[in-house]
Ligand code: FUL
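Before any questions on binding or motion, here is one chain by itself as structure tokens, the form predicted on its own.
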Amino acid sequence: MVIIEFTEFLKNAAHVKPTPQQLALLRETPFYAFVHFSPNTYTGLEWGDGTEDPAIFNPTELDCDQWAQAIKSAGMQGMVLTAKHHDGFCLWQTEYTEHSMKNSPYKDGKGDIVREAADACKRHGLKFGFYLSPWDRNCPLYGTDEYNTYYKNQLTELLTNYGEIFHVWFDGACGEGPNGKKQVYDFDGYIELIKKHQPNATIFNDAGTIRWIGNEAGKAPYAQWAVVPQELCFMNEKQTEGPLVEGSLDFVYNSDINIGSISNIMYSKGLVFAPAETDMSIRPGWFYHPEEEPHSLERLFNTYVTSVGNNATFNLNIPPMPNGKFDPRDVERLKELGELISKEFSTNLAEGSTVTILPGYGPTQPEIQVTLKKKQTIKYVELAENIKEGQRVEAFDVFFKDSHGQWAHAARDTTIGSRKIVKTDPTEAQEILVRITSSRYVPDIEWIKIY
């Protein structure tokens, strides 16, 4: 049964807006680093079981400045440190467990790697965030209501002792406690603490203000919507009411390539703004394994284009070696990545160009013509919507005027959102036409850049 009129539904969907925190992450900090460091670094595991001896954790040459310099060389704007992974080992001087730096040989048990990482970020102009795993395989309280108090106490320590936090990362990994019961997480309580102590922070979670892409391989969906059903991302405030059509959303998950399409959102009881984060590691494992090599420059660059250049953020993990430094191979690859990004996107050929808005096929299908000062070899067309007012464009085409004065089709794509980078075959042209073929409301294009 149809609940509301279709055009009204589309208009409402087109006006679902980001919070200031979401907008800042998308526009100011879309590319940041993950740093996975724990006893797993010394055992060769990916998931520790919490029985590790803290004495094995001893980064004798820890150099968080090296981390920050390498991260910054790639063009990243922040760092997210694994303050605690599933093994429960804490990289700071927590009051609530002995499974922590207090029993590491590093600095005679007085080390605080969260502090060192946060301070290095400040020195190098990076933002700082942390990952605090809800799953703690060491804590005897896990599986009980008391564990939520334990977790919130540790969360409060991290939120209040390390300055401004830009991003808090926690997943839904969950197991059984010593009592044989699965832990029920108090996510509402966790979020309340974050909003209280770090109101400007974004929160990554399956249902968070920044949602999971659905894989850990850096593969973003082709059509990247930030306007999605609240049923999937319930940590966000609902901005519309009622479904277009009565039905079920049980078939939809974050990994759905069309999570924000009309065919899905029409069943939602309310829509929210929840951008996606694309996450992957620079090498196959999340923790350091000496036999592994970093991924190719091509793969990392393509992931950047299809994440930061596809209305999402990119969280790239770099795992330190047991000595506490990044592997020189990873450092070199990060430098190469930063140089390539700068080379491809540092010179906007459209600066000083003439931009003309044409009526096209109606209010929701306008055409935008860009005339450069002279012919240039074009490889990328970048577009951005005025995302603070909502995401609207569903599909568009790009044309270049050829030597015969005809419009030659160069690319077809879907959503735009905060930023869309369209890669084309290198083509010499002076005139570019962007034709909006489908939009939920009158498109509001903030910029077009040509590279």
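Numbering starts at 1 and follows the sequence shown. Here the structure is a predicted model, which means the values were calculated and not measured.
Below: the form predicted in complex with the ligand, not depicted.
- In terms of contact with the ligand in the predicted complex, the residue from Phe234, Trp286, Phe128, Phe187 that brings a heavy atom within 4.5 Å is Trp286.
- Site annotation in the predicted complex: the residue of Phe31, Phe399, Tyr42, Phe34 reaching within 4.5 Å of the ligand with a heavy atom is Phe34.
- Judged by heavy atoms within 4.5 Å of the ligand in the predicted complex, the contact stretch among the candidates 329-337, 238-246, 169-177, 102-110 is 169-177.
- Under a 4.5 angstroms non-hydrogen atom cutoff, the ligand in the predicted complex lacks Trp407 among its neighbouring residues.
- In the predicted complex, the ligand lies within 4.5 Å of some heavy atom of Asp279.
- Taking the partner from the other structure, the ligand in the predicted complex has no heavy atom within 4.5 Å of any heavy atom of Arg211.
- Counting a residue when any of its non-hydrogen atoms is within 4.5 Å of the ligand in the predicted complex, the hits in 64-96 run His85, His86.
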